[in-house]
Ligand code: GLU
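In structure tokens, the next block holds one chain alone, the form predicted on its own.
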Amino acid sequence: MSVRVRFAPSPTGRLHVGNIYVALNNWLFARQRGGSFLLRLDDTDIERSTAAFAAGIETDLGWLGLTWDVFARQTERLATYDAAAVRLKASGRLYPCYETAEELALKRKIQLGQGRPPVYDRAALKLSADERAALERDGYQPHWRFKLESRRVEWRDLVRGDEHIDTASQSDPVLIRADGTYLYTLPSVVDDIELGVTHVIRGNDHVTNTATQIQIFEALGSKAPGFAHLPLLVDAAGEGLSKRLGSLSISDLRAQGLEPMALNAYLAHIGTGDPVVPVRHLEELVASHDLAKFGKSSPRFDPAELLHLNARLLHLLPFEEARAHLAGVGLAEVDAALWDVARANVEKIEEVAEWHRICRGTIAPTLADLSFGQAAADVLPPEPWDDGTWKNWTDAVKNATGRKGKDLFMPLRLALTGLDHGPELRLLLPLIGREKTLRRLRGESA
């Protein structure tokens, strides 16, 4: 059977790093096996789902290169869920319940007070047909629960190993609300069956749902897919990311100037035991992907570490690959020579703009001693220049002025760049050129 995985976000907000961590592992798993990646929009929450959020999900995945082979929307598949619900009702596995939210809350409170687990008591199963009809005449609309078989459900988790849950300790889950709308569980199982999903790879917050879902698969006459439950991401301090996800949306990270492959490489490596290294192409991540590398401990997502990885990636990026990225931040005029010098001194690609301004534009030099600047200008060699010009020139300035070390080099750096740091001046000098250098040594803006 061909492998098929799915990423199923709800279009009720923008994607964040936790979403992409799951999506990326699904994508890599499928690509390694020559399988397919399904993007399914779980958009049945009509009040909160929007077209803008749906478009944003597609934009974010496209930016990261996580292309999909199959696309589906749950709102276009409601008839399929209706048919599955009819089957489950006919088999007695889906049954109507009439308790209000207040009544259920009271039952749970009493159970807890008696030291018992708050498991639904299946009181609705004891109602006669006449009693159900009377409740409905009085305006009560039923919600529908799935009747669990009280048994041990086992599966081999691709991340966590052998797992089991005794469903006797669980409440029969509500699959259909009183207003007729579906909760997540039934549509998700039906889609996995109908769309041929072979493996469900998701966060470990879904482990407790797995036994229920396996029973629904079986009740619908289907074999359950394989499961893999990834450990959830935490921040650098070990706290859950839930309170910080607004600042870690993919759209925000993109706006901050991060490279998509920096994020892909970071999320593919953290939590695996493999070193976090820069990777230029998704194909390089496919070969080394292995769900078994993940443990049960939560990987730490550290924005500072991601930024450092972003810088390391830029340092490796050849100009031909950087060209489109530069154009995307308004730096299409940056050439290969400038890129090769600047890339080792930036954390984000937009920072190349500063070195473009220094080498190709105009700056106001910082020159405290104009006489020193004139002395340096007097021995400035003619062009053409190369990376050996800097040493020859500074040797001449040293002989002419008697300066050496920091007293020689720092005033020249400040005069030529206006900064006290940056790439080696032996590399910058040919890019600045003789005319700008002369004017800056004389204290003129150039």
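What you see is a predicted model, and the numbers here were worked out from it, not measured in a lab. Residue positions are given as counts along the sequence shown, with the first one as 1.
The discussion below concerns the form predicted in complex with the ligand, not included here.
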{"item": "Partner proximity in the predicted bound form: N345 to the ligand, non-hydrogen atom cutoff 4.5 Å", "value": "no"}
{"item": "4.5 Å heavy atom contact, D60 and the ligand in the predicted bound form", "value": "no"}
{"item": "4.5 Å heavy atom contact, V3 to the ligand in the predicted bound form", "value": "no"}
{"item": "Interface membership of K296, the ligand in the predicted bound form, 4.5 Å heavy atom rule", "value": "no"}
{"item": "Segment that reaches the ligand in the predicted bound form - one of 125-133, 143-151, 198-206, 107-115, heavy atoms within 4.5 Å", "value": "198-206"}
{"item": "A8, Y184 and S188 all contacting the ligand in the predicted bound form, non-hydrogen atom within 4.5 Å", "value": "yes"}
